[in-house]
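Given as structure tokens, the chain that follows is alone and in the form predicted on its own.
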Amino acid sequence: MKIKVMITCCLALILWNQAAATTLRMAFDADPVSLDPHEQLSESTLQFSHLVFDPLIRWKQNGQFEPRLATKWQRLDAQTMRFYLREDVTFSNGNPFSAKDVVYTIHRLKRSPDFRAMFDTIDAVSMVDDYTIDVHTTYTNPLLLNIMTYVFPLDKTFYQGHDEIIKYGETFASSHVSGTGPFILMNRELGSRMELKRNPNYWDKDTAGNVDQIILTPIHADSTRLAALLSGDVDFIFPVSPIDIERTKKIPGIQLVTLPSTRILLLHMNQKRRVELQDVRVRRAINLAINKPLIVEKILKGYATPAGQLSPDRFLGHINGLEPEYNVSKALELMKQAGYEKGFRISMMAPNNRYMNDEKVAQAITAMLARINITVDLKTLPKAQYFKEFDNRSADMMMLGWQSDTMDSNNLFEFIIACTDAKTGLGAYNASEYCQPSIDDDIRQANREMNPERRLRLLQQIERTLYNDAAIVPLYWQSLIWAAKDNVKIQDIVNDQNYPHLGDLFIEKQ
């Protein structure tokens, strides 16, 4: 289906000299499923948001906050923070940006099925004047600034009145866009091509970025994507398959950039669908049967870190010494104790174009579980189809990757572990149907605890409980791997969240 987005463009863009333009041709493994920045909390949605919208603040490569549409902020009291907004900013259709757009956007985020859990802490947003807002929280929240990196102000005049949010549905916001970002969407063919041109009225005149046009082509197959780079058809790709890394390093004119990330890959075990998975001994056996270091070594070629918990070592919830354990004999004994010595058959779903070598990882896990007499009926799907099935909890085991939105352990727990609550958004991605009210209590307390030591104890307590309960199967934290032509200075604009700041990308003339 071809979705054409009609945008009102200024005369300067119409007369833009294409012959002199600096064009970035890029190929990623997928494009966003929707143009609505609040429809799905996903990597591709946030990558798109950084192209056509602008956040209030954003993360820098060094982990510090950088002012964007908010120029500064100050805490007024324990539950109120004031944000001062940038003036003389316009949306791509010419409408002026002001505080009313930020208030409108936060209210919309609070009713988004995917985002509401993150924004539930915000009680109200009030306008002080046209370029100042106060954000009031229901309690003191140590992560408010982290949360505000997800506020990409929408044009209230443009969206209001037809701004419903329907996951995978056809709405005004899913096919129309008006943002303040560095690029303007010109055309989109879903799953095939996206074209963007530089916003001639973009407010950031100090950026080193010189890209005038972006052509994004989603290419699902790793080998085809790399071949497009090597043939010169594209300039920048993500991801690079681990099996191609050594070959790519040796090719003149091509650069490879890798970064460790905090994205955790895991398996959910649905306790509502299968009575066998309600037994902690079975869940522990499944964890013990999966050789995570071997998966990282053989399938991911070392470009990941085996995980025994959800929290990576840079997060407060991380517990030193909580390492992955592989022991088939112990797993078989646990299956015997649980009364499943002869095993059983389960269904499993995984994507085949979302995470690094995801299909091969799923196939390897299937073979490993067979060693403890669990027969897995595996079905892999393209990303767009897979996440519809994930939302429906369509299999007994399901793969998920999660990048903490706030760069904090509690975001992992809120979305992946908390008891599912459609009203608050908690547990929105809890396909295990695991529910421990005591964990939910600790999650809520950690969201308001300002003392770092007490907060650390709360988060580690959650992590320890998950380990003891074998609530999920943490697999590994995957690395990020990009490749580009040498003249495309991607090292300056990529980050460990994989939201490249393409508005700041500089391409040297050749």
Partner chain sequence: MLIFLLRRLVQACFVMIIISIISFAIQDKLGDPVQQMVGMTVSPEERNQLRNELGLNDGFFSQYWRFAKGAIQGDLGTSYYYKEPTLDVILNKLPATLELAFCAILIIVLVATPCGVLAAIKPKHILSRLLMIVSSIGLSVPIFIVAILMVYIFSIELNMAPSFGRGQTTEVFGLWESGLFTKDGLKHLLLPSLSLAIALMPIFVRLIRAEMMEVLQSEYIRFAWSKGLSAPRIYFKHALKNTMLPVITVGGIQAGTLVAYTILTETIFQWPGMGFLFMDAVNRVDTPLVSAYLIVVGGIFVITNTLVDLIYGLVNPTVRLASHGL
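Keep in mind it's a predicted model, so treat the numbers as computed, not measured. Residue numbers count along the first chain shown, from 1.
Beyond the structure shown, there is the form predicted in complex with its partner chain, which is absent from this document and is the topic of what follows.
Visitor: Whether residue 74 contacts its partner chain in the predicted bound form should be assessed with a 4.5 Å heavy atom distance threshold; does it?
Guide: Flag for residue 74 set to no.
Visitor: Is there a non-hydrogen atom of residue 367 within 4.5 angstroms of a non-hydrogen atom of its partner chain in the predicted bound form?
Guide: Close contact is absent here: in the predicted bound form, residue 367 is far from its partner chain, nothing within 4.5 Å, heavy atoms only.
Visitor: Closest heavy atom of residue 333 to its partner chain in the predicted bound form, within 4.5 Å or not?
Guide: Looking in the predicted bound form, residue contacts with its partner chain do not include residue 333, since no heavy atom lies within 4.5 Å.
Visitor: Can you work out whether residue 116 and its partner chain are in contact in the predicted bound form, taking contact to mean some heavy atom pair no more than 4.5 Å apart?
Guide: So residue 116 counts as contacting its partner chain.
Visitor: Among the candidate stretches 64-72, 26-34, 472-480, 438-446, which one is within 4.5 Å of its partner chain in the predicted bound form when only heavy atoms are counted?
Guide: This holds for exactly one stretch, 26-34.
Visitor: Run the contact test on 167, 192 and 231 with a 4.5 Å heavy atom cut-off to its partner chain in the predicted bound form and return yes or no.
Guide: Each of the three qualifies.
Visitor: So which of 375, 320, 329, 224 gets a non-hydrogen atom within 4.5 Å of its partner chain in the predicted bound form?
Guide: So the residue touching its partner chain in the predicted bound form, by this definition, is 224.
Visitor: Note which of 357, 121, 261, 217 lies within 4.5 Å of its partner chain in the predicted bound form, where distance is taken over heavy atoms; exactly one does.
Guide: Residue within 4.5 Å of the partner: 217.
Visitor: Would you mind checking 379-410 for residues with a heavy atom within 4.5 Å of its partner chain in the predicted bound form?
Guide: 384, 385, 387, 388, 391, 400, 401, 402, 405, in sequence order.
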